[in-house]
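Given next, in structure tokens, is a single chain: the form predicted alone.
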Amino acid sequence: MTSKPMLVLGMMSGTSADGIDAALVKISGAPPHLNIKLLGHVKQNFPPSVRNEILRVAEQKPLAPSEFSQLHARLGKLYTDTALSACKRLAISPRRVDLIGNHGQTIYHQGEPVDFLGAKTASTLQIGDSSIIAALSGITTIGDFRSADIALGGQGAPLVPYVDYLLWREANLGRVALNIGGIANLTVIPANANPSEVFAFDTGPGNMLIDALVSRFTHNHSRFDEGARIALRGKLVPQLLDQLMQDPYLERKPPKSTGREYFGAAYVEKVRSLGLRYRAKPNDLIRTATIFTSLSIVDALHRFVLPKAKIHQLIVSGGGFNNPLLIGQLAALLGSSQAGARHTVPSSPRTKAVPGIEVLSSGSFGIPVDAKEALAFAVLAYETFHQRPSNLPSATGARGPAILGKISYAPPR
């Protein structure tokens, strides 16, 4: 443990499995007066063969123990390469980096206990061997952040709300921090909130459904809808949107979390089948899926947030912020004049406009939208290194605070 500022490299690869985001962060102090300064961030894509295998495994396709072991080690090496590449690109020697916080790649997440071998069991699995990262980079590494929270009865997700609270709490403003990655999740921070008043949950799909449809219809030539160009060439399919908005997950009360297990390949096939029923073209399906993502977020605000807290600002991070149709719809329904708000659909009682909520990017506060999650795991690693808990039981549903993650020490210098 140290009272000196630390340089921590946070790494994150999300549900979309499109690559690894790395953020170098200077951190000092202790909550509630934690000083967090982003020094730089980089992104490294997964090799296509690795990404394909991650997605195959995450869709619960058969995997031999030997293949699992090899993939776990291969990802450990890739995370190491990303860490060292980030140091080089940010012009800092790895010897100056005190700690790495690596989220790892989620290949399974079951936050709610289910029957398994005679007992109710919940579990989560993020792979990418931290021991390899520590050994090859020479930097002590913390990984496997979610399991301790699950052991205490929590969902193991979302974990970023602890950092959202440190970054965005404000005496006179109620804020929601929204991250739109593969899955969309939000953190509610009421004005002048204490940690126990913060709550968070996964709202449903973020980019995952859109990306999967784009990959399918472009035969993997495109992995996402850049600039919403495909969606903007399509038409909304109201009947399909209405059916998607009746999904049972949207009605489940927080705390709740989800992932590829629910909104993965089987869900995409369901959407495609419904599209055939309504004679929808590929562009129409992608447009409808994009609008669904926006409306499911607004629906979550209406159901679970606005009855409990007055919200003034929505602070958005994640790749979804770069989709003008998705953000335009959000901005229109939240009473903002953000560019793209012309691309709207008629609102329902669950998605009616909420005047006066300002839609901002995390970049407005000096944290680029693609760096926020990696920065968060740098902060979580810093807290674990100092033997402090960093889950929020009000967000995850855990019985109490947990010190998150497992530490792999670097070899002696």
Ligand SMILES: Nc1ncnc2c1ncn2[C@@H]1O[C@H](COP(=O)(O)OP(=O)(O)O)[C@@H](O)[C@H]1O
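We number the residues from 1 along the sequence you see. Predicted, not measured: the structure shown is a model, and the values here were computed from it.
There is also a form predicted in complex with the named molecule; it is not shown, and the following applies to it.
Undergrad: Quick check on this chain: which one of G204, G182, G104, P158 has a heavy atom within 4.5 Å of the named molecule in the predicted complex?
TA: For this set of options, the contacting one is G182.
Undergrad: Using heavy atoms only and a 4.5 Å cut-off, determine which of N323, T293, T82, T258 is in contact with the named molecule in the predicted complex.
TA: Looking at the other structure, the residue within range turns out to be N323.
Undergrad: Does G143 reach the named molecule in the predicted complex if we count a contact as any heavy atom within 4.5 Å?
TA: Because no heavy atom of G143 falls inside 4.5 Å of the named molecule in the predicted complex, the answer is no.
Undergrad: Wondering, does G319 line up within 4.5 Å of the named molecule in the predicted complex on heavy atoms?
TA: Contact check for G319: yes, within 4.5 Å of the named molecule in the predicted complex.
Undergrad: Going by a heavy atom distance of 4.5 Å, is F224 a contact of the named molecule in the predicted complex?
TA: F224 belongs to the contact set for the named molecule.
Undergrad: Can you tell me whether D211 touches the named molecule? I mean in the predicted complex, with a 4.5 angstroms heavy atom cut-off.
TA: Answer yes; at least one heavy atom of D211 falls within 4.5 Å of the named molecule in the predicted complex.
Undergrad: At 4.5 Å between heavy atoms, only one of the stretches 265-273, 74-82, 95-103, 174-182 reaches the named molecule in the predicted complex; which one is it?
TA: Partner-contacting stretch among the options: 174-182.
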